[in-house]
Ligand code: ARG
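First, one chain by itself: the form predicted alone, in structure tokens.
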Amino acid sequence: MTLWAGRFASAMDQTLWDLSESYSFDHVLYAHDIEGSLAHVAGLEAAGLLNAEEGATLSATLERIRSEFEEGTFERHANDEDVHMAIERRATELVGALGAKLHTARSRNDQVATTLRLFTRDALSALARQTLELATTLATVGERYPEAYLPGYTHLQRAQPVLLSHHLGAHAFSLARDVDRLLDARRRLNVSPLGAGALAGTSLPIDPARTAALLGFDEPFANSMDAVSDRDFVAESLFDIALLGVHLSRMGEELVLWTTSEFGFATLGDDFTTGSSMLPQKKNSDVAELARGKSGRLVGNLTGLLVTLKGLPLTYNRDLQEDKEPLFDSVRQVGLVLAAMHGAYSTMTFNVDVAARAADDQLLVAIDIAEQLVTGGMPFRQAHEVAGSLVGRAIREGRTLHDVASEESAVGDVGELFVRGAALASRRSPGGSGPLAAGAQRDRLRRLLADLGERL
């Protein structure tokens, strides 16, 4: 028998039950549902709908049920459609008719919305913490190799030399934005739906502000219909996670490239790589490939929910049951990727000499030749053309750019431009990739990460 069977003359058909039940995945909400129910009991007691003894008994019963879940002894019954029904059913088993008072002045609609907000709030906090840890690790790895540099790329073609700390810092700043978004979404969702009932509130004398405060929400709902139908916070969380996944995918793509024999810039620790079932020599950067691959799944979860939400009339519709699995999946998957990428970077060895040789490619000095001409008063577009023509001659004639440029009287003395590391050192502008800008950038990144830590 279901908890809402009074209206019906026959039991639910098995095919509909199989379609409807959600306990198989929403049981993970048990702690948050119990947290919401404890606050609800306190609210019912304050409203005079439960006496002190009843309130204490129900609260103790809910704590017992929490322990059963935590110890793995909670038994689902055949008619437990979801975790919310299961907990209420168990409370009624334990304390009889008093357990049936647990749902006073409450609907599954506001109950589920409250539980899911509590879960999402905790999940976003945990993901923000993991993301911040990864950003901090990137900063630490850069500081471990303070003088290491490599080619920066556009269109996956060598462009200009950059410090490793600058390159990793670029990822750290993007992850910091992810942390900021996660925390901002956490702030925006922190509104309590409890007390909205099915959609229109209740005639009973409850105080939604009281239960909101007990649950750590910033405020109670303003509109009961909005409270039970709103899943913006799930969509926003899935977007933030999907964008975080895109950033992790970009990082993964670079690690895949860096660890190939063709690039050879980095080597991952054995504990974060895999082998081949056939080829004994292989050391595969699967961690980076999976980080790249999971991003499609995260984007798909977001897209699927948006399509589900787009045509729903107010207020609650059963379609909203489809909000949980994509959220649970995205939270879990991105958490796994964050942990694994943290380990990958922590164990990474950067091959300083290999990367430096690639970054000292003479063709990367072309922009410095152009800028030297600009310093002498030549318009940049003309200087760009002169430098480009020198590069073209060097390639066609099979000579070094240094030799070709040295023959061009209009360019002047280019000897110092081709000294190893000179092209990197010349990037002096604030926020740039050279050593002179590195200290200020490092300090700014550390301050940003510390500020985010404070917000957490």
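All values derive from a computational prediction rather than experimental measurement. Each residue number is its position in the shown sequence, starting from 1.
Keep in mind that the form predicted in complex with this ligand is not shown, yet the notes after this line are about it.
| Of 101, 324, 177, 384, which residue is found within 4.5 angstroms of this ligand in the predicted bound form when only non-hydrogen atoms are counted? | Spelling it out, the residue with a heavy atom inside the cut-off is 324.
| Among 247, 181, 342, 108, which has any heavy atom within 4.5 Å of this ligand in the predicted bound form? | Among 247, 181, 342, 108, a heavy atom within 4.5 Å of this ligand in the predicted bound form occurs only for 108.
| message | Quick check on residue 82: any heavy atom within 4.5 Å of this ligand in the predicted bound form? | response | Judged by the heavy-atom cut-off of 4.5 Å, residue 82 is in contact with this ligand in the predicted bound form.
| Do residue 155 and this ligand come within 4.5 Å of each other in the predicted bound form, heavy atoms counted? | The answer is no: residue 155 has no heavy atom within 4.5 Å of this ligand.
| query | Would residue 263 count as a contact of this ligand in the predicted bound form, using a 4.5 angstroms cut-off between non-hydrogen atoms? | reply | Residue 263 lies outside the contact set for this ligand.
| request: Would you please decide whether residue 318 lies within 4.5 angstroms of this ligand in the predicted bound form, comparing each non-hydrogen atom pair? | output: Although this ligand is absent here, residue 318 would touch it in the predicted bound form, with heavy atoms inside 4.5 Å.
| message | Among the candidate stretches 425-433, 44-52, 387-395, 22-30, which one is within 4.5 Å of this ligand in the predicted bound form when only heavy atoms are counted? | response | Of the stretches listed, the one contacting the partner is 22-30.
| field | Those residues of 351-382 which, in the predicted bound form, come within 4.5 Å of this ligand by heavy atom | value | Nothing in this stretch is in contact.
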